[in-house]
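In structure tokens, one chain follows: the form predicted alone.
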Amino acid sequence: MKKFSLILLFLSVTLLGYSQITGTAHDFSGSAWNTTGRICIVCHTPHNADLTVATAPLWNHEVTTFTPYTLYSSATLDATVGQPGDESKLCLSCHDGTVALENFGGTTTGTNFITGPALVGTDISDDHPISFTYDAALATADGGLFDPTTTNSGLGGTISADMLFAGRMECASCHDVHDDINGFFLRVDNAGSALCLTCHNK
């Protein structure tokens, strides 16, 4: 009975995720380069997954090895920004333009690369900084940030619990790759700059 319940739970979560991504810009089932016609397979696989990225469940897409990215810098930035963490590299594996879209399932010779406004590139100096530790000490030093350990994220818990990865701000802190309900795959509706004001005390 326990095994059956776990299977039902897995199917519920899987189908819920499937319905959210269907029809979004991340639904690659109709893309000519995705000859499988399946949605999830571009990033995830039930068999022979890449286990080198611990935070990526059943990963199936080639992960970017590009380095070093040109990072965000500002005289007013109190955080120490590092090279993209593993969670952000999953996003950048398509969005930095160095890995072909169809490089999944062991393929490494693809020729279709992301283009247009979705191409972030390897110069991420004009984008929100990522891969920095966001903690109470940074909030105090900055003076314009909320304490992530006590501030509600709008998702049900604190910023630390709901939006950070081992205490770090990454691409997925603000974007949910599986759900485009708020546009631009934002995790929180940004009407009135609500997403920005989750962290920024302005």
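Quick note: we count residues from 1 along the sequence shown, nothing fancier. Just so it is clear, the model here is predicted, and its values are computed rather than measured.
Just so it is clear, the following notes concern the form predicted together with a small molecule, a form of the same protein that is not shown.
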The small molecule is absent from this chain, but in the predicted complex, do 32, 63 and 108 each have a non-hydrogen atom within 4.5 Å of it? no
I'd like to know if residue 49 sits close to the small molecule in the predicted complex, meaning any non-hydrogen atom pair within 4.5 angstroms. no
Classify residue 114 as contacting or not contacting the small molecule in the predicted complex by the rule of any non-hydrogen atom within 4.5 angstroms, answering yes or no. yes
Find out whether any non-hydrogen atom of residue 57 is located within 4.5 angstroms of the small molecule in the predicted complex, and reply yes or no. yes
Indicate whether the small molecule has at least one heavy atom within 4.5 Å of a heavy atom of residue 147 in the predicted complex. no
